[in-house]
Structures are given as C-alpha cells and as structure tokens.
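Shown here is one chain on its own, the form predicted on its own, set out as structure tokens.
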C-alpha cells in the first residue's frame, strides 16, 4: 500500500484557516474491501475494491458544508474546501437556527483493532477464502432431513485506515480490520410445502481467525439441522396472551430497531424524516420511564473485537457506552456534535461516516441488553404457557419505531415450565412501550458473541457495521396472533 498522504490532510486544515473558516475538519480514509460470493455451491463473484480520499467539512456563518475529493492534489483540495465553504455560507444565511458544534475535548490518539492478528484479512489468498465458503456449502448439502433448494454465502473482509484532523487540534489515526459473513439457507418440506429461511450473519473486528472464534462449521451444521426440523416437525404456535422468553438474536433485533434507531438525535430532530423515518421519542422525554426496571439497553463502541468497534468517532470525540434505557428510563441519545449543540448537551461519540465521501451522522455501534439476575432456566420454570423464541425469520416496524411485528423462526412451546416441541412462526405484534414494559426478568448469562450486521441509514446510504444482541429476557402477557 502506497504512502498515506498525511501532509495533504494537514494542508487542508491550513488552507481552511487561511480562508478564515471558524472550523474545518479533514478525514482521510483508505478503505479496501474484499468480497467472495458463492451461490448453490457455484462461485459467483470475487472482488477487491479500494477507495481513497478526503472528506472535508466546514462551519461558516451558521451553515455547514461538506465536500470530498479523491484526486489527492493541492488543486483538488483547494477546490473541495472552497466548495464546502461556499455551501456553508449559502446555507447559513438562509437558516433561522444556525448550525454550531458542541464543545468537546481536543483529542490526539492512535489505535487499531486488537486481538491475535494471526491473519490480517487482506493477506489471505482468494483461494483460501473461496475454499472456506465451499466447505460451508458442503456441510449444508450433507444434511438430508429436508430439501435445501437454495444456499448463498458472501464473505466480506476489509481494512479501514483513517486519519482525522481538525482546526481545533484533534488528531486521530486508526486502522481497523473487519471480517463479515452473510448467509441465506432455504429449507423445504417436499410433502407439506412448508418453507423457511435462516439468515446467518457474523461480524467481528480483527483477523481472519474470527472464523475459528465463531466455530463456523459447527454453527452452520446446527442451523441447517434446526431449519430442517422446523419445516418437518414444528407444530402451530399457541395463540392469545402468552409469556415469551426471547433469545439473544431476537433481543438483538428489537434492541436495534425499537430502541436504537428511535434514540438517534437526528431522527428526533426530524432530519431523517424523509430518508429513514422519524422517532416516537422526543427530547423532553429524557428521564421518562419507557420500560420496566429490568431493562437496561447499552450501546458501547469500545468493545474490543466487536463489529462496531471504535475508540474515537469521526468527529474525534472519545467513545463511551451509551445507556439508551437504564432500568427502564430513557437516558441517552445518539448525538454527533451538531445535534448535541442544538440540544445544549455533549456529543455521545456517535458520529460515523462510511467512507471518505460520506458525512458523519449519528449511528449505533454495538447495541445489547445488559444481563440481569436470573438464570435462563429460572425464566422458563414458572411459565404456564408461552414460547421460547431463539431467532427470527422476518420483522416489520413503522417509521417512528413505535408499532412493530416480529415473526419467530426457531421457537419452542413452553408448557408448565418445560420447553417442548418446535412451533412455527409465532408472531409478536407490540408497541415499543408495551415491549419494554412487559419485561419482568433478564438472564444473568452474557452472550456477546459478536454477531454482526450492516445497518443502513442516510442519503446516500451508509451501511455501518454494528453488533446487536445480549442475553435472554422474559415478557409477560404478550398478544400472539
């Protein structure tokens, strides 16, 4: 990899200061992504993509301007800064409420993804990556209990090198390796026509040895066997008001969708309204009860090895855990410096940009349910009628993140405190306050296994690596249809 152009970033800041700009930041990003795709055992695509460029953001006369360039010359840099400055000025004089940034500490730091980096992802040969997927596919084809008409795998690995410099003196350098596996497996009962799909999503920061950490061969074999049993053995789910025990995968999606997205300050302020929706939450609701005392939901970018790992956000603010709900109370939002200034508070280190040509916006990182005081067995033992739902097959939620629907995939009947047969597609339709308000117990075991997903947001879209999960929780008297 050629020399990293630090000097051009420094000259960007100097040029902006010479123009008299009150604030300018430059973010140099070198992102290399390798992808391998296998469909029904046949290689479909392999690629190595690289983007290298600088994003520039300025404040001027109450407006904010953003531009980027990938022709790394002094002339291109000056044109980009001039454009961002003009944009900020034109926006600023039209705005009644001027844009400003919250006051934050000036940070100087250098960090990288840690762990046993035996194999940096981009050092692994393409043949080895394809062989890995072929081995996963072989495991699926050897399961004979149901027809598997469709199998899909995509592996993605990347290295992101970043240098952030601001006119305030913040200087952050980072280098993060990430590994991501996405899979889709379809099983069919040829006799009844029952069909189900399971999504496999794993993501971790660190080396290629992440696949060993996940024990992927055992994981895939187990998932296929369970999927086959669902289409051949599962019985109808119970109806009416019952109790639920949700597993880490189910908890992950509801923490992400029902509490993560509505806690984004730009949604609450309405900026995301025309793109991805708004939020049922309002600024004045901070401190209000949204769930039972058993529910604490945390988003923590600092978890080493996690898919959403970072120690400083893309505005140079030091990362810290965010308590979206603390014992059921609405505590923290996802703030970048713009939304924090608007609400007279501090950034919560949530500014993330995916690539040099995207602006930093409020994003999640690693969102999970904090463990409680019960064992998994204790959650189940006093349920007369209910369901244990391990993962999901589909979900829907409205634009304000208030009304939601989740459909279970691997789910079991609970009867008189015992886990019994598989049940098909239990449906939970619930409002977000009802969801968190119905939780009366949370398991003490921790299941932070660093499953990873890509979270989409923004216009143009930014797919951010995040983790979502947690432990097991119990919900009382939930309507099942």
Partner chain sequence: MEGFLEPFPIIENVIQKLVSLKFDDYIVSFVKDDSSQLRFADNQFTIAKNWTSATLKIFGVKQQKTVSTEINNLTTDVIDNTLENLGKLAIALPINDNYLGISEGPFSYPTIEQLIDPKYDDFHSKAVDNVELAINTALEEGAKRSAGVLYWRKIEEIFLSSKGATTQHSKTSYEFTIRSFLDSQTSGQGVSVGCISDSINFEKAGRQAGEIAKLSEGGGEGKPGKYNVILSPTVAADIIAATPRSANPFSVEIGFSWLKDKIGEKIGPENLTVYDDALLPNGLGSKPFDDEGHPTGRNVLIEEGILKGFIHNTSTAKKANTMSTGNAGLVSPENSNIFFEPGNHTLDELMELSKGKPTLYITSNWYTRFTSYIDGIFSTIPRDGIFLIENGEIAKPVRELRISDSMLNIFKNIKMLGKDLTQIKWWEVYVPTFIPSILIEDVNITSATN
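Only a predicted model underlies this, so the values are computations on that prediction, with no experimental measurement involved. Residue numbers count along the first chain shown, from 1.
From this point on, the text means the form predicted in complex with the partner chain, which you will not see here.
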Exercise for the section: Using the partner position in the model of the complex, report whether residue 323 sits within 4.5 Å of the partner chain, counting heavy atoms only. Expected result: no
Exercise for the section: Although the partner chain is absent from this view, report whether residue 14 comes within 4.5 Å of it in the model of the complex, heavy atoms only. Expected result: no
Problem - Contact label in the model of the complex: residue 479 to the partner chain, heavy atom within 4.5 Å - result: yes
Handout entry: Contact test in the model of the complex: residue 277 vs the partner chain, heavy atoms, 4.5 Å
Key = yes
Fill in the blank from the handout: Note: exactly one of 329, 156, 72, 385 sits with a heavy atom within 4.5 Å of the partner chain in the model of the complex, namely 72
Fill in the blank from the handout: Partner-free chain; cross-checking the partner chain in the model of the complex, the single residue of 236, 287, 169, 270 with a heavy atom within 4.5 Å is 270
Exercise for the section: Quick one: find which of 221-229, 86-94, 367-375, 305-313 has residues within 4.5 Å of the partner chain in the model of the complex by heavy atom distance. Expected result: 86-94
Practice task
Please state whether every one of the three residues 61, 164 and 346 places a non-hydrogen atom within 4.5 angstroms of the partner chain in the model of the complex.
Solution key: no
Completion exercise
Applying a 4.5 angstroms cut-off on non-hydrogen atoms, the residues of 426-463 near the partner chain in the model of the complex are 429, 430, 431, 434, 457, 458, 459, 460, 461
